[in-house]
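Let's start with one chain on its own, the form predicted on its own, as structure tokens.
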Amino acid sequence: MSLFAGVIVNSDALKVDKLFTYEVPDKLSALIEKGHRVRVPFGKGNKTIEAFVMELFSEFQGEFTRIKAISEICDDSPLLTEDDFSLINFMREKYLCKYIEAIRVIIPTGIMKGNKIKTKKVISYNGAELYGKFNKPNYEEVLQLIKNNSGIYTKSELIEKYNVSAYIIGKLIENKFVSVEDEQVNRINTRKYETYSSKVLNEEQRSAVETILNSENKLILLKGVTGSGKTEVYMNLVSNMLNEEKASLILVPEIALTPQMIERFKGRFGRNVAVFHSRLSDGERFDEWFRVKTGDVKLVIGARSAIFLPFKDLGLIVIDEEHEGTYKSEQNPKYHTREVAEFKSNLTGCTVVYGSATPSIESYYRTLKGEMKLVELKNRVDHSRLPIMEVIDMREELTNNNKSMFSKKLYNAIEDRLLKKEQIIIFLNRRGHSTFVSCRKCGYVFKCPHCDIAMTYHTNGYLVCHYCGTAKKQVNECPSCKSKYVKYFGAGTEKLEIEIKRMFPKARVLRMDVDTTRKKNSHEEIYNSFKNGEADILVGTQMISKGLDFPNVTLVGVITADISLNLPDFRSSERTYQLITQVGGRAGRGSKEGYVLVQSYNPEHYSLSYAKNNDYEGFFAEEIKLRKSMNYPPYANIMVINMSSKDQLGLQKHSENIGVNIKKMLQYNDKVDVMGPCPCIISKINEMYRWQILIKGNFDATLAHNIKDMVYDLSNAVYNEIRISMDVNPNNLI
């Protein structure tokens, strides 16, 4: 009986985003399964390319004479499961992506590059004694050595480590006293961690664990103030899952948080915990993926991409700091981890716990509607108090002729904590030295030659574009008027670090931002150094604003709270509240009282007032009124169509044409507004001009797909010249 396969080819071309039918040769028909990766001849030249089997069927409707056959099966077992097919279809529907884009996030890149289990040829003892076969003491010594290290070392490793004779090993192999076997090489972290003992839960924590385990609603929002012991709740939930032989996934928003989570979970549950994030090599990611697929590990700690790991019997997903924007992908498919986790819960019945001291507006709103179960931890563990927070008006500092980065109160507080040998965190959510460089004579601003954005000055003497990465040596002469009046404006973490070292020369200072954490394991090195008391002050961006637990930190200073407040985005107030509350929550987590000083030029803003009083409910009530009046999420959806091209005029004409057609399509829909087309806030990045259309209102996936199809249909003729990207409910509108 003939067998046919519907496959998706591994190509980014929009025109091939559909199933192609291939015949399965008789020699492969007994081996092939749905989900297998195969190679097929494709296109006019019949070039052999990779593809994925999405369907198998015995009847073919079409011209049989034109059908091609699958060339080979790439792997022993299928890479995609039935649940994966459901997830692929969900993402394609929800995030307007292609089949292959959804497949690629499920399968590690290492597999596509040919990564497999790494093995080495080790020498193993076969159980036989010499019995006078070789009447020489050297043979006895070598055999005893191999017996003691059976299956550990290769022949060359034995020779190098123990200086034994290659000839003797060869003779022992030849006479079958020892053998050469394949042993898997683990490219994983096998480091042993200090035991992290189980703690006695307080009443709130016990109640939270019991409520989560017994809730009929599988979607839980765990809202706990900073330092309330949410991690201990997670650990107790994991223990329950392990007792039931179910797997657990703990997600963190930043790689910077994984060292602490790994330290605690491996300290509690042993080394057999998988870790999965983007800083691992392809080989390491493959090994961890394979361990999850085979069921060798039941607990994974990871960043966003770990949500796609092939778990068996998944019982729990924890999304720690669920409000963080990093849980939303900026690349296709533009998925949100919360939504994928919820889909997996519907698919497998697993419990999903969203944890945060400052939940996203959307999540908290869903608890009020009854879609999610709200569980609260209102107090810090061990009866420690929340830090005292004070907002400092920097306008008054200027009036008093203080032009430094530090208010008088913050300066005095830093000095006091240094004398007491207590640690300090200073937060500034902008990296680099100076945010822009300008000529004071003519007003010329040093902009990126490829982007419509000012370049940032770094202390290595270079101006750097934080969008395209262009770097050029800073000059002290204005290119426009040739004057020498070139001045550096604004401040980033580099300048902040320099100022702290100047003002407090005896202080030991560490900095954590993108520039200091490029190297592998750099997050862990900085984290451990500060944790071990090797530094007095930690300077950083939002990497240090959540999750980290340093008992000796008693002071947190926020240099400029207005940076996030003044972003042109409807979520700017929410992000400001979350950032200030989270970074402030790093203070006073031990036995000593914490103190937070927030510097602002807009101290009356409601997000700062509510953060000062740790009043989430008050902030939510204020914010949700604005969202409703402006018809923003959670009351409506936003769809953004971004178009970019090197041809500025052609892009504008095409954007206007698409805008006209969308407005025509929606002219009788009074629940949807169309804004634009217009240039993006940053109108050029990396030589590509950028325009956007924003669609806001109550629309469903069907309407979004209709708009997507129309946009691509209208763009067929210019597809190679104009890039098109669509996103529903994006992180930002920049």
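The shown structure was predicted, so the numbers you read here are calculated from the model rather than taken from an experiment. Each residue number is its position in the shown sequence, starting from 1.
Only in words, not in the display: the form predicted in complex with a small molecule, which the text now covers.
Out of 200-208, 311-319, 155-163, 571-579, where are the residues with a heavy atom within 4.5 Å of the small molecule in the predicted complex?
In the other structure, the partner sits against 200-208.
Close approach of G588 to the small molecule in the predicted complex, 4.5 Å, heavy atom
Residue-level check for G588: no, no contact with the small molecule.
The small molecule contact in the predicted complex: S228, any heavy atom under 4.5 Å
Output for S228 is yes: heavy atoms within 4.5 Å of the small molecule.
Might E232 be said to contact the small molecule in the predicted complex, defining contact as any heavy atom within 4.5 Å?
Yes, contact at 4.5 Å.
With a 4.5 Å heavy atom cut-off, would you call R264 a contact of the small molecule in the predicted complex?
The answer is yes: R264 has a heavy atom within 4.5 Å of the small molecule.
Tell me, out of D416, D549, E330, E477, which residue has a non-hydrogen atom within 4.5 angstroms of the small molecule in the predicted complex.
When the small molecule is considered in the predicted complex, the option within 4.5 Å is D549.
Have a look at A471, C439, V509, V381 for me and say which one sits with a heavy atom within 4.5 Å of the small molecule in the predicted complex.
That would be V381.
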